[in-house]
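Here we start with a single chain on its own, the form predicted on its own, put down as structure tokens.
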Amino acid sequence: MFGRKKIKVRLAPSPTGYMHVGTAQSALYNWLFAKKNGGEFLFRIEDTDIERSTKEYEQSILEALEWLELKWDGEVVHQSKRRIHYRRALEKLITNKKAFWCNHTKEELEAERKEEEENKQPPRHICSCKSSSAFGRHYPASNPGQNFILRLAVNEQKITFNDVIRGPIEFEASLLGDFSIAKSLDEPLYNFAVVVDDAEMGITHAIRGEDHISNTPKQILIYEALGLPLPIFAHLPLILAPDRSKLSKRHGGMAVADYKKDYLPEALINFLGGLSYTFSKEIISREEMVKEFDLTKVHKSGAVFDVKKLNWLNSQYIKKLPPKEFKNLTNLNISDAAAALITERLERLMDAQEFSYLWSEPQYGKELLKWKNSGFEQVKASLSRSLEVLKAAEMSREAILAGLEKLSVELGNKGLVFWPLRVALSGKEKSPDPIDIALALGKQETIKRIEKAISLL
């Protein structure tokens, strides 16, 4: 389908903010497509916006990709270091009379836009400057107070392209007008720089969000004006909030860096991969994704960001963590048994703090030790008998359970045995089975906590 030319795709974020989950999904799909087809996944930093671009944001983007283990091929390309390439391409367009300098003022352009709006016409600027004697001049006349901008000379034509995901898409070039491509020979605008970069990097497939569909006809006209071959376009669906509005931080759509404290990278990759693609199973490795991925099968409609689904997936990956790895991730100094107890029940890594009773002595009032209508003396007697069981039993689930169940029969009340023991060990109304807690704490600590509970009564 894609010919014999080696496939090259790219991720090209602007370092004007932290990497959003939508960009992370685009990175994943580009990476999957490259790996599936033996191609290259290239990385470009679009940092021509000097005022808003920062090294801090750039570093955060690099770290996000590394955390997600989406390794790119080759060196990182920076637009800020490629100005000579843009200048040469702009000069070529001017020489070939494909681009021209426009000196219409902001006020004139604003008045034109207002008139078009009132007449319900598409906003466009069909510039009279392209018929002037200055057409073909490489440098605009330096008239004080005039702000020149370089525009592409656009003719009336139909622009069509076959989107791999969405099928045929058509635009009327006349609706675009003579759009701007550079502020000066050293200040290319977004659409122009993208075309020059993608062409010189040998990008065969431009896989990006559907919000770029409106940029595609402009870029196609620039490709044609420069005499460059077009890449194949594929526009991914956007990630939406539950109300199907644009995803924002208030919906849980945070920067990728914000997920690192709570989620495993494998879980986030699994989640993002399945948002806009139907794989054969819900829990799937990136290697399995590569084998199954088919760009033509990416969904067309927007994908709803479901935090509950992400949390569930994360819990499945946390359960698989070896105790040592879990303790390294959470910086917890606990036993392997305690780690296993937590990972079995955890959705997010930071929620491990809810199990603090496994590494620090719980604080609670004696009222919490009471089981329903039982009195303090009954609870004290039950805990004292439980203490005898724990002192005598081997530290195994079977031995402890046998002793406590026998005690429950003798007292005629299972709740009177297990509830006070649960509170004594965890200090909470809701917790894992007290036997599991005892095994995680060890015999010495378990006995110590039961004795403390008895002393409160």
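When you see a residue number, it is the position in the sequence shown, counting from 1. Fair warning: this is a prediction, and the values are worked out from it, not measured in the lab.
There is also a form predicted together with a small molecule; it is not shown, and the following applies to it.
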| said: Contact with the small molecule in the predicted complex for P13, defined as at least one heavy atom pair within 4.5 Å: yes or no? | reply: yes
| Within a 4.5 Å heavy atom cut-off, is Y364 in contact with the small molecule in the predicted complex? | no
| H125, heavy atom within 4.5 angstroms of the small molecule in the predicted complex | no
| query | Taking heavy atoms and a 4.5 Å cut-off, does Y190 contact the small molecule in the predicted complex? | reply | yes
| query | So in the predicted complex, are K35, D73 and I203 all sitting within 4.5 Å of the small molecule, heavy atoms only? | reply | no
| query | Of 206-214, 178-186, 153-161, 326-334, which is the one stretch near the small molecule in the predicted complex, taking non-hydrogen atoms within 4.5 angstroms as near? | reply | 206-214
| note | Answer key: of E46, E63, E40, E405, within 4.5 Å of the small molecule in the predicted complex (heavy atoms) is E46
| Listed residue (V194, L272, L349, L90) with a non-hydrogen atom within 4.5 angstroms of the small molecule in the predicted complex | V194
